[in-house]
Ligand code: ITT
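Below you'll find only one chain, the form predicted on its own, shown as structure tokens.
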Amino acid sequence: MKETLKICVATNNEHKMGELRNIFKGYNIELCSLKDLNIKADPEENGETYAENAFIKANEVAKFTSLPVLSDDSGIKIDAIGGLPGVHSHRFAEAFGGQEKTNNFLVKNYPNSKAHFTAHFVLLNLTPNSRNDFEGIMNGHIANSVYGNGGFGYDPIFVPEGYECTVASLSAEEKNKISHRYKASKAMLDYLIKEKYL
């Protein structure tokens, strides 16, 4: 039997770690957060794209561990505001005074606008100095109101394509079958299986 593939995930976000661990459950992979490995790194994500931001994080964390490092950057683009906030999704919410205020503003001003989530993964040092990129997209639209108790971030205002409720109204299992993070994870798993790491 192959040795467990141990990967450092460049995040302190417990919600994100929970989602990833659920998605990767059943595969011979152990995901370790920065907290698990006692790594303190918080680089400034000043890239122009999701890929650049994910690389900035992964590259910084790689200085502190010999494990392969997985980092992701994600965001939501809303058609009615020209594709904003996109790569600035987290800072956009902070500028509005928090996620709750931001979500309320968006459903009030841009209900039914088409939107999509993107997750971009960068996996560094699977082999020495290697870089692999994977991406997932979830299409949908902005809801008419904020609702649902699950998920985090923009989940309570995003209705995925083919659904009539927000992501935050879905169970964790349902979300993890359709989300942008799931699709990027699936692309990564397919690669790891194809290349016989798993």
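Keep in mind the model is a prediction, meaning the values are calculated, not measured. Residue indices: 1-based, along the sequence shown.
Below, we turn to the form predicted together with inosine 5'-triphosphate (ITT), even though it does not appear here.
Undergrad: Heavy atoms within 4.5 Å of inosine 5'-triphosphate (ITT) in the predicted complex: which stretch among 23-31, 128-136, 58-66, 147-155?
TA: Among the listed stretches, the partner-contacting one is 147-155.
Undergrad: I'd like to know whether R181 contacts inosine 5'-triphosphate (ITT) in the predicted complex, with contact meaning heavy atoms within 4.5 angstroms.
TA: The answer is yes: R181 has a heavy atom within 4.5 Å of inosine 5'-triphosphate (ITT).
Undergrad: Applying a 4.5 Å heavy atom distance criterion, does Q99 contact inosine 5'-triphosphate (ITT) in the predicted complex?
TA: Taking the distances in the predicted complex, the answer for Q99 is yes, it comes within 4.5 Å of inosine 5'-triphosphate (ITT).
Undergrad: Is there a heavy atom of F121 no more than 4.5 Å from a heavy atom of inosine 5'-triphosphate (ITT) in the predicted complex?
TA: Looking in the predicted complex, residue contacts with inosine 5'-triphosphate (ITT) do not include F121, since no heavy atom lies within 4.5 Å.
Undergrad: Even though inosine 5'-triphosphate (ITT) is not shown here, does K186 get within 4.5 Å of it in the predicted complex, heavy atoms only?
TA: No, no contact at 4.5 Å.
Undergrad: Can you tell me which bits of 11-48 touch inosine 5'-triphosphate (ITT) in the predicted complex, meaning any heavy atom within 4.5 Å?
TA: The stretch touches the partner through T11, N12, N13, K16, E19, E45.
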